[in-house]
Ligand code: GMT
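Below, in structure tokens: the form predicted on its own, a single chain.
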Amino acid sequence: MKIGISCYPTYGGSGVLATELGKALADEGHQVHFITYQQPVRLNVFNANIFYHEVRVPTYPLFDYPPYEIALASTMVDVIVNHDLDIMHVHYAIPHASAAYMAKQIVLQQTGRNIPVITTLHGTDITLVGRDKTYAPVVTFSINQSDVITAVSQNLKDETLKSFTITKEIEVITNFVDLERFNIQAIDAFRKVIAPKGEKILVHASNFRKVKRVQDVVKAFAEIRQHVPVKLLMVGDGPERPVMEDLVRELNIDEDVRFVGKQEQIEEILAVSDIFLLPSEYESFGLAALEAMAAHNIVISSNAGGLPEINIHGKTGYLTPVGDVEAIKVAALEVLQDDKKLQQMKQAAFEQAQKFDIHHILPKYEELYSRYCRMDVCSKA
């Protein structure tokens, strides 16, 4: 099949999943066309079946805010027509679902082809941005105009149905992880640089937005280090990073905390880590947590959103109430002071991650594509 994928090309979960999905589909022999404003960060390998089409947004003095959605829809039309795509799969409702609807109507009018559109909902496009009255009518309309809607967790499906008037069935296809990529041997020299005295290593990775509650990570770590020798790696970047750097200095823990910025090879960091902290106010699924589990990290997360669907309390890690720094500290010390339990839970986390391996999830998308593929193409296959 020839599949078009539109997503945000950044480090967020929706862009990561869309890119990894496209790469896996290309490995299976499908032709995949990425359509977005810059090359996705995870699109870091060459594959003859992968194509990238940059959306160019002209700037004119008339426009205070260049109309990206229109440029995206126009680029979609161009790629659909000139590369004879069989299906469009858009990730994150805003603005991709509405742009895909517009492109679908233009292609239908110009060529008579009715190209199927699949919209995958990822989280804040529904739970935060999509609820804004500025966007809600368009979001609702464009989702309902999709040929099929998927959500990355049962929780997100429930939230969508609660917040919007959806007239179609929403299918749950969970996020996935490339187990082969994350299940790697730790580099001892790397670990010794970070923890020269054998300290345990905690890690947090996110886009440093308020919803991630990064301050809870820092505050909990400050408490934990009073009881056991530990180091903290802060992976990623975003609006809260400068505030967190100031907080680390205020708490006088800067010698044990490293801000390492955005990292494409995060698997190498996770391989030397012990505990992954994710105290988010909301996670539709928690892809970062799943990747950490695949790298044999236990996860201490909030109990918000879809996190309980992957993180099993007391087995693969711990679920704590949102904003409860004391609970994070207690959970961390429970395993940091009992190495046998830490190792047992690390193995359990890895075994849980195996259930979400890409090889289990990819066939679900392929079946979905086949079900909604252009009839003239599928009938010839």
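Residue numbers here begin at 1 and follow the sequence given. These figures come from a predicted structure and were not determined experimentally.
Form predicted together with the ligand: not shown, discussed below.
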Distance check, G286 to the ligand in the predicted bound form, heavy atom within 4.5 Å: yes
Though only this chain appears here, would F276 touch the ligand in the predicted bound form if you measure heavy atom gaps against 4.5 Å? no
Interface membership of Y282, the ligand in the predicted bound form, 4.5 Å heavy atom rule: yes
Can any non-hydrogen atom of Q154 be found within 4.5 angstroms of the ligand in the predicted bound form? no
Can you work out which of Q105, S74, N207, Q145 has a heavy atom no more than 4.5 Å from the ligand in the predicted bound form? N207
Note which of S301, N297, N175, T119 lies within 4.5 Å of the ligand in the predicted bound form, where distance is taken over heavy atoms; exactly one does. N175
For the interface check, one of 241-249, 267-275, 286-294, 94-102 should have non-hydrogen atoms within 4.5 Å of the ligand in the predicted bound form; which one? 286-294
Which of the residues spanning 41-64 lie within 4.5 Å of the ligand in the predicted bound form, based on heavy atoms? none
